[in-house]
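The data below hold one chain only, encoded as structure tokens and taken in the form predicted alone.
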């Protein structure tokens, strides 16, 4: 794994922009629902994440932090 992300679930509004823009399909829709009633996304940890940070750049809620290993 070259990178990983952490998603602040309470900030996520389930817009799925991060999922649509992730070139490695490392983000998936979760079954979790946050306090605002939104279905959130999660990092699937499939080992494909490169830490490119596109997901964080497109997130309108600034709910994603990217780390490079």
Partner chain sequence: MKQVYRRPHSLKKAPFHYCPGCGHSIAHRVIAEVIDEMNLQDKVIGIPPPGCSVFAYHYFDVDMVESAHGRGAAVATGIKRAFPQAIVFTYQGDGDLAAIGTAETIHAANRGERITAIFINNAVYGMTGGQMAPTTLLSQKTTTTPYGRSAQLEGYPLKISEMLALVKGTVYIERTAVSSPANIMKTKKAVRKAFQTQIDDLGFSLVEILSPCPVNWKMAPLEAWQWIEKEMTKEFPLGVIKDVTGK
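Positions refer to the first chain, counted from 1. No experiment lies behind these values; they were computed from the predicted model shown.
Absent from the display: the form predicted together with its partner chain. The rest refers to it.
By the criterion of a heavy atom within 4.5 Å, residue 9 is excluded from the residues contacting its partner chain in the predicted complex. Interface residue remark: residue 60 is counted as part of the site for its partner chain in the predicted complex, having a heavy atom within 4.5 Å.
Residue contact check for residue 45: none of its heavy atoms lie within 4.5 Å of its partner chain in the predicted complex. By the criterion of a heavy atom within 4.5 Å, residue 13 is counted among the residues contacting its partner chain in the predicted complex. The candidate spot formed by 20, 51 and 54 is fully in contact with its partner chain in the predicted complex: every one of the three has a heavy atom within 4.5 Å.
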